[in-house]
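One chain comes next, on its own, written as structure tokens: the form predicted on its own.
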């Protein structure tokens, strides 16, 4: 007798699981960056349009497929057509790649969280040099937050060629991160369903606390004005629309197989259309909400840096020209500089190289995303807040919850097809399968704790999923509408949920969304080709800044393998299925 499929305890658990998975670090560290780069408030126009014509329909499609087929990604697409098993395999491969490096972010969050209990915060000041006669040279050339990230956390090597050894402290944090994930997924929906209540809701509590604090910070309004001031000319920039579509696509976690896996544990009568709308709207609203929090803190940081710069220049002028205290202010600084330059030209030219050009606009224009925003820019702002330890603990706890919530979906995408396999599940119980998946990922993930680990992290982050996911979701939409048949699926969906499929979803599934996927795929493919030699940002300790270097040949080979390993699953599995079917036909043909 076939074992009954586990189910979510109630529909709310499923919604929380989807929100916990979809609302992740990208909402906090990529969406604000895109707003900053592509027109501030005007970026919301293409973002909302892409949500309606791309994100929401494709999310509904994946949830509907998972709920109808009641299997993980491999089984679901094999049911639609045996030739499409490769779509599910590709999803599992991409999820495996993502899990390998994504949990390293949780390890870094653990590392920073543990250090947040120190007073003062370890990234707030530069350490003394070996002779204790001054500050560390690398830290002085960079900043205390950059030094703590690149030297104390990563102990980064000068280039990807210099691997270095495993950093045992980040490695232990990685082990802890994987142990946490394993405990959360140990009993399947039974344990995950309880955990998602916390991973989905607590980050919002932290964001609300941060919003209240952020809005009361000096200079917060400067950041918010910068965010909400629309730059209408950016709407004519094709990259604005491409980045809006890409952000929606990756933010919802389409193509990984996680949403199909989650939906497969639903009751067949579940209203997945309503849940698709709810999840996509909450995800996008969270991005905007997180941006308000980010820009209020960003405005505080920019204002603090701008005013600190002004004070240094004023102090330099007062000391150099023996001026009275209070005679030079931020308001009359430019007039004083002009007067001194004309009255004492030789003395002024001697100190001119030390006079910095302070600009609030340039501070606000400094665009950072990813780990740079999370572990450098945010920590720079936190260290200047009152009771900085409290805000640091809250921030990295939020980061950890967001990261773990996304990891639950990633690992579910891998484990569900494995437990669906009658052969594997007959040999090993679910707990062992989950443990092996976590153990293998953790072992491979130790690569990212090497001194060159951050360079490999960037390779996986940039190339492991982008093209693959676009191809996977494109094939999903085309396969459902034109291989399985849109009318057939519409009838089955209506019989399952009792609700007819509206023309809106049918047009978007069959025409609009596939065309958007083709456009995005062509753009990214041409972008990679036209980029020429692929390059990366390496940390130069002697300069205290990032420098651009070319990837070595073996790194380029790894990039090629990462892209090919998932994208080639679709045609290769289809070809293998075709060959096996031909061979079976040959074996069973009557002998003349």
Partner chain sequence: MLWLFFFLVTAIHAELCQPDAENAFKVRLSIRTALGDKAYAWDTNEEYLFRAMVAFSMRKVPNRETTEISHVLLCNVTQRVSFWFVVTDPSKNHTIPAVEVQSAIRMNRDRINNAFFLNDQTLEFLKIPSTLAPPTDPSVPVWIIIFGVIFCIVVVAIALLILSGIQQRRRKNEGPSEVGDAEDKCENTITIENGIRCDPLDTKGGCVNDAFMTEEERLTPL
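Small disclaimer: the values here were computed from a predicted structure and weren't measured. Positions refer to the first chain, counted from 1.
There is another form of the same protein, the form predicted in complex with its partner chain; it is not shown, and what comes next is about it.
Each of 133, 323 and 429 is positioned with at least one heavy atom within 4.5 Å of its partner chain in the predicted bound form.
Proximity to its partner chain in the predicted bound form, defined as a heavy atom within 4.5 Å, holds among 339, 503, 168, 482 only for 168. Screening 444, 186, 418, 277 for any heavy atom within 4.5 Å of its partner chain in the predicted bound form leaves a single hit, 186.
Stretch 314-322 is the answer when you ask which of 224-232, 451-459, 494-502, 314-322 has residues with heavy atoms within 4.5 Å of its partner chain in the predicted bound form.
Remark: residue 111 counts among the residues lining its partner chain in the predicted bound form, judged by a heavy atom distance of 4.5 Å or less. Although the partner is absent here, residue 179 is a contact residue: one of its heavy atoms lies within 4.5 angstroms of its partner chain in the predicted bound form. The closest heavy atom approach of residue 118 to its partner chain in the predicted bound form falls within 4.5 Å. Of the heavy atoms in residue 128, some are within 4.5 Å of its partner chain in the predicted bound form.
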